[in-house]
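One chain comes next, on its own, written as structure tokens: the form predicted alone.
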């Protein structure tokens, strides 16, 4: 009669300690090591930024460019960063979700494959190309629209004008950023929409729901967390975008919600790109301090996104 090894596991029972193979131990070690490495890398970046920014943090107000202190220097840049990224998200997310739904549930197979490839290809275009397109093509093309907005909706702070005649506005920058982050949001949403259980979709249709009702009641709730996650990834890209915003914006340095005038707040990343090559001494520390603020904003956005996703998972369960 064949005897079983003392360490052999019985089918249906959990494996006993010591029965894991070498491959499992190697994979577990690599996974843990990768997680620790990422945390160490993140901590290293934060420590570097804090150390290099400390001279600017402790400096007197008259030593900071502008002479009004570090907070007054960084606040308009942080405002412009958040404004441009928020505008991009507002424009990009509905379009990205619509594109993802069309590819996953409406388009024929060949059209869907081709369109998904073309949308993903948008993410491979260098940001400087987007900036050149924005200033040479999109900006002049939107001038008639911005003039109409200033004439007819000027009572709204976003469109109070006067409209820029060159197209170098925050509105154009937001549209360009929206196009840049659209493939990120669309790709994440599309992958989850295609994984919606076929049985749930067919059940909704069998109960008399139209295709749109099925999508609204089954597909969108199933992929809601993916849309949030993709949106936060896109928001992180928009917050840190440099060259496209640098090329497009006509910077005044003020704080304004006006999206169609030539007086625009700059962003942290664009300001660093413009001023860093000619800076020295304390000016470099000031720029790094603004980078620390951008790092904190991006980290807060990602933590908020994680909290929202976890909350939705708890609600669904």
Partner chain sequence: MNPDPLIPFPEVGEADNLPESGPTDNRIPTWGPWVVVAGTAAVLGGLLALTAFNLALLIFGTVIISIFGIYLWARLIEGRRQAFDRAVTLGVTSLFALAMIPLVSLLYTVVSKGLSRIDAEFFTSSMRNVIGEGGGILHAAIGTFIITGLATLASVPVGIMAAVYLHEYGKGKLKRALTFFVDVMTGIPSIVAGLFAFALFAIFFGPGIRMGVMGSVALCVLMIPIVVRSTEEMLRIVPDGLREASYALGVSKWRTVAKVVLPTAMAGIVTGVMLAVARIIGETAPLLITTGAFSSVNLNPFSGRMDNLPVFTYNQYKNPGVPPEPYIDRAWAAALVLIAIVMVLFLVARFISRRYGTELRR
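Take the two forms, find the largest set of C-alpha atoms that superpose within 1.5 Å, and that set is the rigid core. Predicted, not measured: the structure shown is a model, and the values here were computed from it. Numbering follows the first chain given and starts at 1.
Keep in mind that the form predicted together with its partner chain is missing from the display, and what follows is about it.
In the predicted bound form, no heavy atom of residue 90 sits within 4.5 Å of its partner chain. With a 4.5 Å cutoff on heavy atoms, residue 132 counts as touching its partner chain in the predicted bound form. Contact annotation: residue 242 falls within 4.5 Å of its partner chain in the predicted bound form, judged by heavy atom distances. Its partner chain in the predicted bound form is not approached by residue 72, whose heavy atoms all lie more than 4.5 angstroms from it. A single residue from the set 82, 99, 149, 229 has any heavy atom within 4.5 angstroms of its partner chain in the predicted bound form; that residue is 99. Using a 4.5 angstroms heavy atom cutoff to its partner chain in the predicted bound form, all of 27, 35 and 200 count as contacting. Applying a 4.5 Å heavy atom cutoff to its partner chain in the predicted bound form picks out 179, 182, 200, 204, 207, 208 from 176-208, in order along the sequence. Annotation for residue 42: C-alpha shift of 2 angstroms or more between this form and the one not shown, rigid core superposed. In this overlay on the rigid core, residue 27 has a C-alpha that sits 2 Å or more away from its partner position between this form and the one not shown. The Cα position of residue 305 differs by 2 Å or more between this form and the one not shown after fitting on the rigid core.
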